[in-house]
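Okay, so here's just one chain, in structure tokens, the form predicted on its own.
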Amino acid sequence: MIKYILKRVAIGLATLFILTTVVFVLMKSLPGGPFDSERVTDPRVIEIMERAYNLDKPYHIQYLLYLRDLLQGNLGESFKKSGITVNSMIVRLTPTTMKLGLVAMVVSIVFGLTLGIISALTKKQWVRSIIVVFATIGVSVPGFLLALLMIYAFTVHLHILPTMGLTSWKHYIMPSLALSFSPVAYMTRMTRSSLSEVLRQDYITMARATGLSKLDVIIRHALKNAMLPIVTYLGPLISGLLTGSFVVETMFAIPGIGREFVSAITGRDYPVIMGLTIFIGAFVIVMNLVSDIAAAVVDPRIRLGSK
């Protein structure tokens, strides 16, 4: 198990290094400069600003300096917000994004598993059909479109739900539903498919033949073996929800990482773009690592297959 974890950690670190390099190269490949939109016409002032941020040095020197700061935990300082570091932005913005992501994660897991189990176990065709239609729509409809429809219905017409910020429990309803709509549908389909396949296995028939009740067979045998695909999916799901949705946070004026990322792209704030990208990438890598370890604990065959 230790060897399996170390291998996954090494892969994660290599992935993070590649991500950092690619993002740095892309930032330097963009046309124009970070101060082009500023109201500064004096070339001497621009030269001083570029020298202050090491932008006057060759690209490979800038890259090595950035890696040095990154290894020290320093993600740089914003070009547009003087005196504000990317680290302080992450500390300030992450709690808001995490709270919204946690709500969306709970909604996704609870409703996704519940609907998937009901769809796999029910004998009523109309119930199964309704769930399948919902899952298909959920996978097809993007979250921002659902957000627009909810804003139009519950804010513009009914005036019952607020749309800006996260200051009360009502503020969480529409953003969390927009974020969790597609994951609920995807998890519903995955749970239904996995559980239906497990219920057709020979050992389930044998368990029923021993006299166990249907509920015992489902809980003790079927669900345990049907959870492997779900556990594997939880890593990307949690990382995606907890790092926020750029569009959803912007639409609902939520002061989180996603909204700040969009603002940084608009303002060509390169250190913020790079810092938030690396932070989000590192979080995704960690969650995938946790997901891989959890899957290996559930099914030891995964560890053996990776040798």
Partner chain sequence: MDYKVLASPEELKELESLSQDAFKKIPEDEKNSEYIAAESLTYFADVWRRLTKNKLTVFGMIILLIVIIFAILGPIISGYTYDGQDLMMRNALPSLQHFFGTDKFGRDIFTRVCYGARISLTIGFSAALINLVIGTVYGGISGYVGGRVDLIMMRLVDILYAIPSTMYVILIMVVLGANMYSVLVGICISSWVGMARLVRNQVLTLKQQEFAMAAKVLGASHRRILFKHLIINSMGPIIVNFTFMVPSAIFTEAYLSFIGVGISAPMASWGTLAQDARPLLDSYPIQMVWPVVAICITMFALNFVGDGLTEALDPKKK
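Here the structure is a predicted model, which means the values were calculated and not measured. Residue numbers count along the first chain shown, from 1.
Keep in mind that the form predicted together with its partner chain is not shown, yet the notes after this line are about it.
Every member of the trio I18, T266 and I285 reaches its partner chain in the predicted bound form with some non-hydrogen atom inside 4.5 Å. By the criterion of a heavy atom within 4.5 Å, Y63 is excluded from the residues contacting its partner chain in the predicted bound form. Of the heavy atoms in S140, some are within 4.5 Å of its partner chain in the predicted bound form. Interface residue remark: T136 is counted as part of the site for its partner chain in the predicted bound form, having a heavy atom within 4.5 Å. Among heavy atoms of K3, none comes within 4.5 Å of its partner chain in the predicted bound form.
This chain is displayed alone, yet in the predicted bound form one of I219, M206, I130, L148 has a heavy atom within 4.5 Å of its partner chain; that residue is L148. Residues F261, V262, I265, T266, R268, Y270, I273, M274, T277, I280, G281, V284, I285, N288 of 260-290 are found to place at least one heavy atom within 4.5 Å of its partner chain in the predicted bound form.
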